[in-house]
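First comes one chain, alone, set out as structure tokens in the form predicted on its own.
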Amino acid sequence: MLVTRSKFSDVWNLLRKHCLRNNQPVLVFVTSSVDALCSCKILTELLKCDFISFQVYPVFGYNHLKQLFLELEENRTQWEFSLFIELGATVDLLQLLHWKETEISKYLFVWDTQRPYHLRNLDSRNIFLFDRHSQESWAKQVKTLPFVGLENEYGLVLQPSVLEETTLYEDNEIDITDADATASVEWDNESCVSLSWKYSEDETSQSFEELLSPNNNRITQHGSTDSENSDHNSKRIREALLYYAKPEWDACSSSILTYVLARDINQGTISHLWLAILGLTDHLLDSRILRRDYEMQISFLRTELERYQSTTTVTEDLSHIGMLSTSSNNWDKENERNDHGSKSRILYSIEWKLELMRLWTFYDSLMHSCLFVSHLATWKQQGQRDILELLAILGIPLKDAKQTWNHMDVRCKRLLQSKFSVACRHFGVHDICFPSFIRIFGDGSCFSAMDMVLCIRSLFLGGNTRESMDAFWKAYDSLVDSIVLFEGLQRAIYFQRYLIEEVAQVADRQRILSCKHFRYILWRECSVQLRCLLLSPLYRSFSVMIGETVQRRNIFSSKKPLLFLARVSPDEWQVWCLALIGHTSTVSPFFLYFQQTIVELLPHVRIEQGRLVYFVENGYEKILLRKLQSL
């Protein structure tokens, strides 16, 4: 069932009551992403506050999830509740785990922002999907949902006859004209920016049976297939295809949803707020959120910040230029006095889209930032000359620009503050600024939300399952341990340089191949670094950087979907299709065919992350390409 925002505290209080009564641990399954880590940290701290035991299990794919549940069954672990963080919403969890709803008495709480929902999860009485929408908004969307029963556990629908009616238009997009069908993508005006959420103690006596009444669940007749509806007519099949074939998007940061829960039950802290900021920034860096939605959530977080600390020093005039240092040794006395002796402080700031700017030189930030790489092609001589010209316009000597940010001349920083945005427009680089936050830690170190997310991400890089497990816990520790965080900084700098090298090779057409209806990038051999990159959460950042570079550099005149294929092991190819946020209201016909081709090859395809990433057996990648090229 769907748990709308007004029911967050009610459902959580029922979990608390049952766990305290039965004295059983809560199982927490979490994926490797910054947003998932932050959500996990908030939820586990809420469990600690109520003295509820829990066990955290990192998950590296749905096959790994199945293995974990088999081990729990073999060990006869007693549990009633489990939390799924950033996984589970887009797949049929009960079918995936081979459970029958009538035979189990366990409850799965899913905090997953990926969409579209698997329809069977919406009808299940054992699965709770936490969603930001109001009950009224969701009631309108229920009417637009297709029938259940045409999809497998991964939400893949196989009906080739219906696809014959679909034509591949020149712009490769089919608009969904029904406004209600896209309502789940757009922001609800009463979503998490609303400050009127109430916590009622009287509702805690409600049982799960009462809470799971038919009035609170999706109408089950939408999921039934009686004798009258058993012949899968083309209209129903097409509705299901269009529903599941939408590129996956993120409705809201899961860490913001968990923060809202903590606030609703009066246990929210400023540390929880910072975790919500990091989760939101993680979505922004991967282009998984629209700019207007991002600014709306930033406005909400800024309002929340005013509840925790005095706003006398947080003024509109405060800029990122004032935050000069990243270490206690170099932290200037004025900013130290502004901290008023508190251990840690969060400040609102207008940031530049320069990755790791405070953590290495300004020149390196320009040369290796996604924005300038995609606009100026900084790996080429002309792009490097543009960077030098930009510094000349700013009046900053090259030797000063190559100083570490902490040691850069303060006069140069003042020039940047007054001229940088205007100078960037001279080279066609617009929207250089974005609203965000910085955090001053108790030791005087200062990190922007963007830089901290990049440092944590770099710690996820691992090889086999054991190495990935160690990398996960190291990234988890970096949320509170500055020593581990600075270790992530060194990795982040290294991989930022490596990303640019790979993007340069792709953008120079060394790996981009074109077909009639799509383009694809092929890596027949992967280096150790590239393999670690593609098998980590950083694969999306990498593909987004490539997509933006190809688009902004006008390497091709027309827009076509971009497919990635990389041989990550002697036996398997990793395959994924890039879908940038902003195209969520449309369905690409190519994406429809791509999904159906994957289903046809299912015995030879391993699905690990829903409809995001596929692993195809060696040799079958040629069949996949042949089928797609024959469209």
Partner chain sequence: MYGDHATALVHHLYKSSTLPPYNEDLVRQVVQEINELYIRLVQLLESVNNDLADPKIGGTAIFFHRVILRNKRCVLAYLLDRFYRLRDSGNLSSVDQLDEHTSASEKQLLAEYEQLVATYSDNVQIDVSSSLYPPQALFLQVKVAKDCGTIMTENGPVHLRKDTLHYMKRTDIELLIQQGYLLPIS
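Positions refer to the first chain, counted from 1. Predicted, not measured: the structure shown is a model, and the values here were computed from it.
Note that the form predicted together with the partner chain isn't included here; everything after this is about it.
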Is there a heavy atom of Asn23 lying 4.5 Å or less from a heavy atom of the partner chain in the model of the complex?
yes
Can any non-hydrogen atom of Lys66 be found within 4.5 angstroms of the partner chain in the model of the complex?
no
So in the model of the complex, does Thr404 come within 4.5 Å of the partner chain, heavy atom to heavy atom?
no
Residue-level contact is defined here as any heavy atom of the residue lying within 4.5 Å of the partner chain in the model of the complex; does Lys100 satisfy this criterion?
no
Stretch in contact, per heavy atom within 4.5 angstroms of the partner chain in the model of the complex, of 71 to 79, 122 to 130, 293 to 301, 269 to 277
71 to 79
Between 26 to 60 and the partner chain in the model of the complex, list the residues on our side with a heavy atom within 4.5 Å.
Lys48, Phe51, Ile52, Ser53, Phe54, Gln55, Val56, Tyr57, Pro58
